[in-house]
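Below sits a lone chain in structure tokens, taken as the form predicted alone.
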């Protein structure tokens, strides 16, 4: 009995130590993130003026209208391409692909996740900007973001579609529904929360990327022309990366303002999407 109590006491002590280490690690992470957010907001919120949204950058000062418009265009188009390609690929892998093909696609997607964003940007610089002669452009920049976020969209859709209960699909087939009808009426609605989660991750990654855009979108102090090629585009991460290194207060204010806007965009996107999921798919609330 004494030996049993000693083992129980040791196990309890070990469990408490693990809990304490976990809580300490969580507290450290929250403290680091909180300090980052506080630093950005303290410097960025005072810099948010109406002028930022109505004027373009001029040298080390001006506004961020061109960068805001360029960011929204690049991320929207890139995410649209990645969503169509990624979800379609996931549907093929889950519904139609033979086992060897599904394994090959999943392995390729996993490898693509580990490719540095700067490598994606340089590859497209050589392939599109130089070889095809597109120049720094909206199309090249959007494609670079699409390729970089594609693995996150595809894998989340793959997992979500694979988790659709077999009983629901069998019931649909038993009622005489065709395969395509089952996909659009059963599979996609059930998997939509998981798919949207992947899209949210993709939005956050797309908003925060700089390296692939430097090689493909370039930079412009003017508003986007919407021309797909031969027209550089401004974006917020370039302002953060470039202007914070300048030895001038106005450039620092622009950099912090751009960082604040990026964080607010990510928060707003997550809040809106999560609210939509909770409203439209209440059965998944809390999952």
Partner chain sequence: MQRAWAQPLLRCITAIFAALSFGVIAIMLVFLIAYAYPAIRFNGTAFFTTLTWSIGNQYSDHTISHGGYTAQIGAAFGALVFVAGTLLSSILAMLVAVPLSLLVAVALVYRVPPLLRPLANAVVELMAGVPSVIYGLWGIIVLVPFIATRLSPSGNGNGLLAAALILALMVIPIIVATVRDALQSQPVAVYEAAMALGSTSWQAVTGAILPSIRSGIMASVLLAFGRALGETMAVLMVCGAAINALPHSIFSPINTIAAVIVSQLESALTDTTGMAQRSLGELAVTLFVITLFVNGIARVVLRGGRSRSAA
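C-alpha atoms forming the largest set that superposes within 1.5 Å between two forms make up the rigid core. Residue numbers count along the first chain shown, from 1. The model shown is predicted, which means the values in this text are computed figures rather than measured ones.
One more form of this protein should be noted, the form predicted in complex with the partner chain, which is absent from this view; the next part is about it.
Although the partner is absent from this view, residue 266 contacts the partner chain in the model of the complex, with a non-hydrogen atom inside 4.5 angstroms. A residue is said to contact a partner when one of its heavy atoms sits within 4.5 Å of a partner heavy atom; residue 170 fails this definition for the partner chain in the model of the complex, lying far away.
At the 4.5 Å threshold, heavy atoms of residue 30 reach the partner chain in the model of the complex.
Residue contact with the partner chain in the model of the complex: residue 147 places a heavy atom within 4.5 Å of it. Using a 4.5 Å heavy atom cutoff, 23, 88 and 112 all lie near the partner chain in the model of the complex. Although the partner chain is not shown here, in the model of the complex the stretch 227-249 places heavy atoms of 240, 241, 244 within 4.5 Å of it, in sequence order.
With the core held fixed between this form and the one not shown, residue 46 has its Cα displaced by under 2 Å. In the core-superposed comparison between this form and the one not shown, residue 271 has its Cα shifted by less than 2 Å.
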